[in-house]
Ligand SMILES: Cc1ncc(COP(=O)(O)O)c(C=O)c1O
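Single chain ahead, by itself, as structure tokens, in the form predicted on its own.
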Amino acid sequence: MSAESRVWLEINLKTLKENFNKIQAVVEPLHVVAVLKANAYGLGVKPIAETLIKAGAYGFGVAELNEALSLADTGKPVQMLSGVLPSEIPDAVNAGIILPIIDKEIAELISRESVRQGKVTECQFKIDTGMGRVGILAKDAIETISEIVKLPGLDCSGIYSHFPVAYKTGSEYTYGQIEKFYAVLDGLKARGITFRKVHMANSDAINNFSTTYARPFTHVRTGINLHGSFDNEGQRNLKLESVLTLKTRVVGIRTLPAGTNIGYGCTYTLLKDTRVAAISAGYADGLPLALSNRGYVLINGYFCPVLGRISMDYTTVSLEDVPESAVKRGDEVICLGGEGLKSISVETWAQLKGTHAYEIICSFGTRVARKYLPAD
């Protein structure tokens, strides 16, 4: 037996589908690979994946094997994007996961295991054109790939790269990466090596670099755009909407006298008698500590500033500008989300915290329930 959660995240699957459709319309005829790392950025991979399949997603991109295996029964291509560990290769080969080749050693291990299992494993070459994380360096790619494609048991179907600063419109660094990638493709083509799947565009590139969803590219990858969020420096060209709203409830309402200190550290002191509300959400639920004395929530359409330091489980907000009859114990509180001018965006939280939208979306705590609004 369990009680209803005090804090919940509403995820609008209809908006998710609409965001996907907008992205697909922009990049056609390229295919859209939906990136669902980290349990779809903490939103819940199964309902998100089911909605995107119905919307027409080509396949899914993930970070590690358990994520890939959770999607293996969808009937869609599932690709590990960054790297595979030697211990993961047997299960990955058996499940038909598309594996990344980041160097010759891992290619040989995948080849050996594929032959042992009597399978042909689809693989794609990850080229490091400037991310500096994993992948075959662009300068070495032509020679290395020319050797790897000779290995048995591999279907070397694709080649891809990744951008670190595609949120910067007109970035010369990003254009330089694209040119490096083109040079690798041209050099391999001269040796008779071509690919069915070629992709570089991530969410930021879809917004800022149209060349990444034109030929010779065949696919794009998008994660955060599906949720209607953007990098703080990025463009908003796709006109996407946020899919999520974080809610809690009012626990108590009091009028506190002037001079009262609020919260741990006594970082806020009331200058006059003030009505305040305690809401049942704190940093354990994903509210950034950076909202302390700076952020606000929405209660019945009224913006209510955060007073003092956010606690693990509770936050105190001012009701100074709210009519006394407008708020009562148990009322819903919108911590994140809302509509139109009466809304609080993921990007606003990210700016206050000095981070980006990805971290905000991935930060909702384990006691935050996920509630899905239907796609139709």
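Note that the coordinates shown come from a computational prediction; the quantities given were computed from them, not determined experimentally. So that there is no doubt, residue numbering starts at 1 and follows the sequence shown.
If you look for the form predicted in complex with the named molecule, you will not find it shown, but the lines that follow are about it.
Exercise. Does the 4.5 Å heavy atom contact test between Tyr358 and the named molecule in the predicted complex come out positive?
Worked result: Close contact exists here: in the predicted complex, Tyr358 approaches the named molecule to within 4.5 Å, heavy atoms only.
For this session: With heavy atoms only and a cut-off of 4.5 Å, decide whether Ala350 touches the named molecule in the predicted complex.
Result: Flag for Ala350 set to no.
Exercise. Quick one: does Lys37 come within 4.5 Å of the named molecule in the predicted complex, counting heavy atoms only?
Worked result: Yes - in the predicted complex, heavy atoms of Lys37 and the named molecule come within 4.5 Å of each other.
Problem set entry | Contact label in the predicted complex: Gln177 to the named molecule, heavy atom within 4.5 Å | Contact check for Gln177: no, nothing within 4.5 Å of the named molecule in the predicted complex.
Problem set entry | Which of 111-119, 86-94, 180-188, 216-224 lines the interface with the named molecule in the predicted complex (heavy atom within 4.5 Å) | Contact-bearing stretch, as computed: 216-224.
For this session: Work out which of Gln124, Asn208, Asn202, Thr248 lies within 4.5 Å of the named molecule in the predicted complex, going by heavy atoms.
Result: If I apply the 4.5 Å criterion carefully, the residue I get is Asn202.
Exercise. Just one of Ile106, Val198, Leu81, Val276 has a heavy atom within 4.5 Å of the named molecule in the predicted complex. Which one?
Worked result: Only one option qualifies, and that one is Leu81.
Problem set entry | in the predicted complex: members of 156-173 within 4.5 Å of the named molecule, any heavy atom | Heavy-atom contacts to the named molecule in the predicted complex: only His162.
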